[in-house]
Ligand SMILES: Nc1ncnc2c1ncn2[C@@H]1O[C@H](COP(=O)(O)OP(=O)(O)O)[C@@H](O)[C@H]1O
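In the block that follows, a single chain appears as structure tokens, in the form predicted on its own.
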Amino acid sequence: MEPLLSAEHITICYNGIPAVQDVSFQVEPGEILGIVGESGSGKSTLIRGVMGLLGEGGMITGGDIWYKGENLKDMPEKKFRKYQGPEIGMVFQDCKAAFCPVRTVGAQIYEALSAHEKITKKEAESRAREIMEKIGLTDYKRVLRSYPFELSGGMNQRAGICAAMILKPALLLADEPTSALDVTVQKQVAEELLLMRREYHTAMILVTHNMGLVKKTADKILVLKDGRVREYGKTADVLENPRDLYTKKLMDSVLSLKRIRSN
């Protein structure tokens, strides 16, 4: 089976300064890859490079990114836009900030759908309802008619998952999707991402500093430091028997709480 996505020796620079250097990895259909590392390690830069969202000054200066046999790096912008949404979706760290503040969530989801296919607002609402109910937003009509500032952080993240999944992409990029949430909601959002994988066979790249989240969700793990790969392999193998000293330090930094027995 060919990989769904294959990154080969990727180097990404901002204004000529490398942020990611010589990084390679693969994502199989339906697989979850966790990318971990400290702040500034290049995690978010890497998936933004895959999505074509590096912004001004950002550029892939080396390597190739193959998606279903097509090289995203060399793809014309007009063609690449057709991939952004139907093929590759993205959930941002702060979906409230990613949404336009002066338009309702429903209007923005409809806009995302209508950019890629002919669809009525009623049909768009029905599609949104299907996903929202799966991830616990049973009051979907209120969510769709709300502005982002009228929703809680957890509800905004769920709305962001809905917006990313409504076109049923084969690959979902999730950039720190739980870091802005409290612990209880983090668990719920993680379970909802796993549900999307089960329901739609969606492959994912999950960027996070939460080692517990990676252990719970990811099939494979990529450890980055200073923009370079320190370790890459099956999650259980890497976390249980880390070969790199940096990975060991990451594991040691995870807070471990032990219950103190009372006499």
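Small disclaimer: the values here were computed from a predicted structure and weren't measured. Just count from 1 along the sequence shown to find any residue number.
Another form exists, predicted in complex with this ligand; not displayed. Remarks below refer to it.
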- Whether K168, L195 and Y200 all lie within 4.5 angstroms of this ligand in the model of the complex by heavy atom: no
- Query: Heavy atoms within 4.5 Å of this ligand in the model of the complex: which stretch among 32-40, 228-236, 61-69, 215-223?
  - Reply: 32-40
- Check whether N210 has any heavy atom within 4.5 Å of a heavy atom of this ligand in the model of the complex, and answer yes or no. no
- Message: Residue-level contact is defined here as any heavy atom of the residue lying within 4.5 Å of this ligand in the model of the complex; does S44 satisfy this criterion?
- Response: yes
- Using heavy atoms and a 4.5 Å limit, would one call F25 a contact residue for this ligand in the model of the complex? no
- Message: Within 4.5 Å of this ligand in the model of the complex, counting any non-hydrogen atom, which residues from 110-142 show up?
- Response: none
